[in-house]
Structures are given as C-alpha cells and as structure tokens.
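Laid out below as structure tokens are two forms of one and the same protein chain, each shown alone and named structure 1 and structure 2.
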Structure 1
C-alpha cells in the first residue's frame, strides 16, 4: 500500500509539473511575455490596421501611409504597455483595388482585436470598404481621401484629416485661371471616384470663372500609351492641361505630352504629389504644377527633425502622406486612450473608440490641426499649390489656401 501510494503521489506531481510548464509556455492572443526578468505579464492585444496599396502603381504613396502610421504606433507602445495593453500594427495591402479593400475590411472586422483603421489612400477603395467598417463600428481615419462621397454619406465610422475635392478642385481652377491666365483648358481624368470627382470640381470652377473647356476625356488606370488622348490635345491646342488621377498615369501622360511637343502648362491634384511622379516623368516633370492636401512638413524645424528621424528609421525619405498617416495614427491613439480612461482602464468597445475619435477637437498634429465636424471632415484642412521647378521631389510650395 505504501509503495502504491508513493507511485501515485509521484505520478500526480509529474502531471502537475507538466500542466504548469504547458501553461507558462502558451500565452495566447491576449498575453505578452515581459522582457524584464522573464516573467509573463498578461497584456490585452490592441491592433490598429492600415489599408493602403503596398503593391501596384500607387505603392510609393501606399507604403508611405503604412510607415507613417507605424512610426506613430511604435512611439506610443510603451505608453499603452503601462496601461496593460500590447499595441500592434496590422498592415493590409488593398492594392488600390476596391474589391481587395472590401475583402480586407471583412478580415479586419472579423479580428476583434482591431479597433481602428488608418487608410485608405484611394477614395474609390475607401468608399466601399468603409461600408464594412460602419457595419463593424470600426473607426477609419484617412490621411489622403478627397472624394466628397467619402464623408457625405454621414457614416459614424468615417473620418479624414485632409481637404475635400470640392475644395481642392476649385482652388486648382482659381490658380489656373487667375494666376496662370488659362483661357482654354483640356481636362483628362482616370474615371476613378477620386480622379473624376477632382476633375469635375475643377471643370465647374473653370467654367464659373469664364474660361473654356476645350476637352474632357477619360483614360483607364493601368494604361501605358496615351497617344489617343494626347492627339486630341494637339488638335484642340489648349493653353492649360489638368489631370485628375494618380502619378502612375500622370507621369506617363506628361512625359509623352512633352515628347509630342505639347508645351501647355500641366497641372494635377494631390495624387501626383509623390516621388513616384519624378521617377516616371523624369525631366518632363519640370514646370508641372500640382495642388495637394498635404503640406511640406520639412519647412518647419519640428517637421524637418521628424523627416530626418523617419529617414533614419526606414531608410526612405518622407512622401506626401507620411506625416498625415502619422497624424491619423496619433489622433486614433489619443481617442483610444480617452476611451480606455472613460471605460475605467479596461478595453473599450469599438463603438466607444469610434465615438472618441469622432469627438476629436483641436488636436495639434505634426502636419495639421484637426477638429472633426459632424460628417468626419476636418475643419482645419487646407489646399496647397506646388511646382516641380526641377525634377526633384518635393516641389516648391507657391501658394496656400485655407477654408
């Protein structure tokens, strides 16, 4: 009996030891092993997603959005660790494709640890994807969407920190007509929600100011040969060309236009505010004008230091939306912290984070001040006019327009 009891006791102790070892080695999704002393501190995982094109024709700007957001999140990790949370980035590649963006949005909605999204770059992707975010009560803050439809639907989850096309388009037209002296304008657009929306807003203001529209033509995203539309430009002999679309096509259009001997001033919107424009257009980019909803942050001491730190961290220079994505992430985390505080230090619901983000008032970001109105638009958004005086990025800031 004593021997049997001893065997049973030893067996019980071995089983207990194995269970204990197994428990300490499996942390699960809501635990994080502390680096200090080897102890295991339970921390609730909170993820913030990014959605932007990390591949394809707009990857330069899309990666800048991801990296800017990542920079801000990593700066705040220690702050949230003290509150008992493990802050993580969840980057998604929407490929600049609405279907991919929606599919990613469904994955984001299914991951209950994701409480907010920085993105998208393209309005045409943001519009259908944000319907999914609204369904799941996940707040989205965009560093670059300009199409009016993004916020005009009055979705509780949708916000942006940059100007709308019905502000940017008229500002571009006013500069073209009043400053450059354009009288006969040819407009090209890429048939996306962004490109057509910007082109339509530009056309309406041009006509209001008394200039003529010599032509209004659409191209297809992904095209490489623009002889067809440029032959129309040659036949109409405009004194100004405006393009609503992104740098992948814009760079080729201006390059091919100059090769054909078309010398009329060329202007685009914020989607040609990218080093990718210079990479594609080369010397043909000289003299190209563009409006942007993004300021050149390197003009301030704080901005210059941040840009230097960004380059040291990622090995890349800042792009147009790097700092705006940084601001989007920073204000999301500010809203998240407010929601945690209001919830007694516990993990807040998506609805609580959504409402805290929309309640943002007078937030002082790196690139812009932010106060969201009832639709999620920023009261302090501005439009800037630049010129590529040389084949280098960024262009030279030549004008600034506030609401």
Structure 2
C-alpha cells in the first residue's frame, strides 16, 4: 500500500515535470515558425526580433514590449514592401532568465534574416545576451534597461533609449532639494547593487546641492521590522526620506514610519513603481514620491490617441514600456531604411544596420526623442517624477528631469 502510493506520487511528479518542460520548450519554437511562415512570395525576408519575458512573473510587461514593437513593425510593413522586402517580427521569450536570453540570442545570431533586436526588458538578461549580439553584429535597442553596465562596456551593438541608474538618483535629488525644498535628508538603502547604487547617486547629488544628509542607513532584504532604523529617523527629525530598494521593503518602511508619526516626504526609485507598493502600504502610500524612467504616455494628445489605437488593436491597455518598445522598433526601422538606401536598395549587412542604428540623431519618437552617444545611451533620456496622490496604482506624473 505504502509503496504503491510512493510509486504513484513519483510518477505523477515525473509526468508533471515532463509536461512543464515540454510546454516551455515548444512555446519559443512555435512562435518562430509562425513568424517565418508567410514567406511564399519571392521578396527578401527581413526579420526583427524581440526578446522579453512572455511567460513568468513579468510576462505582462514583457508582452507589452512585444506588442509595442509589433505595432511599429506593422505600420512600416507596406513601406518596406515597396522597397522589395518582406518585414517580419520574430518574437522570442527570454523568460526573464539570462540563460534563456543567451540561448535565444544564439538562435537569433544563426538566423541570418534577423537584422536587429528590440529588448531586453531586464538588465540582467540584456548584459550577457548582448555579448552574443556583439559577436554577430546584430544591433540591440532596449526600451527599459537602466543598469549602467549595459552600455558602459562600449559595445557597438548595444543601445538603450531610457535613462541610466546613475542619472535617476541625481534626478531624484534635484527634485527633493529644488522642488520639495529638502534641507536635511535621511537615506535608507537595502545594500543591494540596485538600492545602494541609487542611494549613493542620490546622496552625492544632495550634498552637491547643499542639503545635509542626516543619516545613511542600511537594511536587510527580507526583514519585516524596520522600527530600529525608523527610531533613528525619529531622533534625527529629517525633512525628507529617500529609500533605495524595492517595494517589498519600501512599502513596509513607509507604513511603519507613518505609524510612528513620521510625516516627512518619502521618495524611492523605479522599484517602488508597482501596484505591490499600494497593497503593502495601503493608505500610507498617499503622497509617496518615486522616480521612473518611463513617461505616462497618455499625458500627451498624440500619446493618448496612440494608446487608444493600441487598445483597439490588441485589446490590452498600454503598459509603461509599450511606447518605448514602439520607439525602439521605429528607430531601428528608420536606421534599416537608411542602410538600405546607402546600400543602393539592396539588403544591407548586419554591420551596416548596426552602424546606421547607432548613428540615429534627433529621432522624434512617441515617448522620447533619441540621439545615441558613442556608448549607445540616449542623450534625450529623461527621468520622470511621480506621486501616489491616492492609494491607487499607478501614481500621477508630476515632474520630469532632463539630463
């Protein structure tokens, strides 16, 4: 009896495992074949890949990147048809996993009809994958990577259109000192590469602007009781609190701070730009400020119309990075077009497309203007300041800081 139960348990687990492996393995390849399926006519096929997490925890944002890119591609399809090319989208699922991203990058490198990549969503995936793109000279334009290392390696193929982490911190500091009028700030950070990097950048700029740093304290990720640090805040009486870290701790800190009667403004980075922040902090999230590298696209008339079209086309509301992915694809296609022109109307090589994308100057996109510098960073990238005016997500855009 006991043994048969164990055998049954083990066999069901094995089956479940096999099913899980099978489905995740096949999803990437089916999308591939469907994208390359419609090439019955004799036109030269040009494919642009997207790499973003289409499954797993960040699938919502990942799919928004794919759809944004797809939207731009379909708008330019007819234009390229006149030039004698059949433009196709090749979406890949990187699952937010560096290993999967690199494996996909190798597939992309092997498919010679792919000339460029929109992606990735996560810096951690983009960094190893872009080494492969560099090897195959495939230009990559990211709609969302903020880690400084993405472009600091000076790779020819790697570009991004959003702001870097070492710009976000100072931008937050400028807002705190110049707009809120902070004179005495308390900084809390979570000792991670992201949190500490952001907090250090914030501290440097705050001191440069002449405000005092009342305290600079670290916390441990995963803790739930932050009363110790907050008691320090209580005794230092700062007029501004900055937090470098993610929403899981940020939400608790602001909640516990308000319970202690600490009323100073509270600000964090893009990692508290999440509905989880509202779930955790509840009413305490009212008035919390945060910076983000993505603008609220529905603020402009143009963007509002675009968002409505997007909704009508895909049946989904735009996500923070939809418009950025749209811009990435549009500027890749404009680079591609100029490479085709320079090549006398013939299919350009990957190197030519790569250099044409990097040469992008004053490109007017939907969400942002783009000029790449020598490293692949966007000169016009901005940091946006939001506030949770009510305990609802997302917050409302209240300011923006240009470089």
Partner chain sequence: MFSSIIQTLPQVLIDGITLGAVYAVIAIGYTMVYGILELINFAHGEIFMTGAFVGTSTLLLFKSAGWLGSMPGWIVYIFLLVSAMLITGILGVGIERIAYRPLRRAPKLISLISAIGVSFLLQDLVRFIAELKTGNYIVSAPTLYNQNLKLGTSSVWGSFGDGFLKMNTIIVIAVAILLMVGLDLFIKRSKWGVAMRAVAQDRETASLMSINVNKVIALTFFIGSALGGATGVLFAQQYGTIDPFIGYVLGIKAFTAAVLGGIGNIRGAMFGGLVLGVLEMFASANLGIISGGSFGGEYKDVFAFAILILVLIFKPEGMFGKAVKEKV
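Residue numbers count along the first chain shown, from 1. Since this is a predicted model, take the numbers as computed values, not measurements. C-alpha atoms forming the largest set that superposes within 1.5 Å between two forms make up the rigid core.
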Note to self: form predicted alone is structure 1
Would you say residue 316 moves its Cα by 2 Å or more between the two structures, aligning on the core?
no
So, does residue 136 move by 2 Å or more at the CA between the two structures, with the core held fixed? no
Take the rigid core as the frame of reference and indicate whether the C-alpha of residue 106 shifts by 2 Å or more between the two structures.
no
Residue 234: Cα shift between the two structures after core superposition, Å, came to 13.4
With the core held fixed, residue 199 moves its Cα between the two structures by a number of Å equal to 6.0
